[in-house]
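Below you'll find only one chain, the form predicted on its own, shown as structure tokens.
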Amino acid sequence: MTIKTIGIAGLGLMGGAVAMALRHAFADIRLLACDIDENALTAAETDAVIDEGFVDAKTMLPQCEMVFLCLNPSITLQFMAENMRVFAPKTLITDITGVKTAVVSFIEANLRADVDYVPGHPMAGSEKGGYFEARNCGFTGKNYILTPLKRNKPENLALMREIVRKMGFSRITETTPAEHDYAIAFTSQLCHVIAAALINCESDSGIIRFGGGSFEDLTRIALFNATQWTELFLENRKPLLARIAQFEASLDKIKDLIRNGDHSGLQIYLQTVRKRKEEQTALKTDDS
């Protein structure tokens, strides 16, 4: 680990979790953070999670050899547009945004020649937001996605892999921004769409008295940040709409089997589902 000073832009849930993971993994690095929330900065300093907090990014960035952009997609683009000239030469920049195509295209097109940018996406989070929930957003055993650029220096890409591993992530997947967005539309965004639709289709809040765990498990993520997820859904609308259509076709299939009283067909369908889930579980176990 050759980098001595890392900056974190955005000290909310994910920024706080990144800071905590970095502090745990690299005790000797100098950790800086910038955010408009002075309470979060003060708390992180008090917790010894960061060494110094800044309200003004232009004061922090010139001190950093590496910067994590822990901001929503639109704010990430705004931040880079306003601060591109401020980064120190040779800075390694990475982000954690949940959609990649638009973000990567903009940053790559406007990137200074003397800095490097390795796009990333930690597959972790919580239904609750803010720095004060960051301790509940662990990274151990989780997946991390990188969408490297052709211009990335090999040593910087290797350093990103090293940092991600030491932060606790067990599997690193490298892909393109477009492939990332299509896959994430299924594994993340569609799940949030389903949770939202499930909650919204029953107006009686008292239905929870009949819950046995399944409903609670399926809808935990419905406590999402509406502003953040509206942006993610709309930014990735084309892949997400394709995944919603894919789910609707699957739902129609099981609906038809039930409507027709097709005992044999329904049993085969459910057995196939169980087998596919077992294969997914085995793959996850093998990779951990």
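The shown structure was predicted, so the numbers you read here are calculated from the model rather than taken from an experiment. One rule holds for the numbers: they count along the sequence shown, beginning at 1.
Another form exists, predicted together with another copy of the chain; not displayed. Remarks below refer to it.
Asker: What stretch, of 43-51, 251-259, 25-33, 62-70, brings heavy atoms to within 4.5 Å of another copy of the chain in the predicted bound form?
Answerer: Contact criterion met by 251-259 only.
Asker: Do V55 and another copy of the chain come within 4.5 Å of each other in the predicted bound form, heavy atoms counted?
Answerer: Because no heavy atom of V55 falls inside 4.5 Å of another copy of the chain in the predicted bound form, the answer is no.
Asker: Please tell me whether any heavy atom belonging to K150 falls inside 4.5 Å of a heavy atom of another copy of the chain, as the geometry stands in the predicted bound form.
Answerer: No, K150 sits far enough from another copy of the chain in the predicted bound form that none of its heavy atoms falls within 4.5 Å.
Asker: Is R209 one of the residues lying within 4.5 Å of another copy of the chain in the predicted bound form, judged by heavy atom distances?
Answerer: Yes, contact at 4.5 Å.
Asker: Flag L157 as yes or no: does it have a non-hydrogen atom within 4.5 angstroms of any non-hydrogen atom of another copy of the chain in the predicted bound form?
Answerer: Close contact is absent here: in the predicted bound form, L157 is far from another copy of the chain, nothing within 4.5 Å, heavy atoms only.
Asker: Identify which of M80, I184, V118, C137 has a heavy atom within 4.5 Å of another copy of the chain in the predicted bound form; exactly one of them does.
Answerer: It is I184 that has a heavy atom within 4.5 Å of the partner.
Asker: Looking in the predicted bound form, is another copy of the chain within 4.5 Å of a heavy atom from each of T219, R243 and V273?
Answerer: The answer is yes; T219, R243 and V273 each reach another copy of the chain.
Asker: Can you list, in sequence order, the residues from 96-113 that come within 4.5 Å of another copy of the chain in the predicted bound form, counting heavy atoms only?
Answerer: Heavy-atom contacts to another copy of the chain in the predicted bound form: nothing from 96-113.
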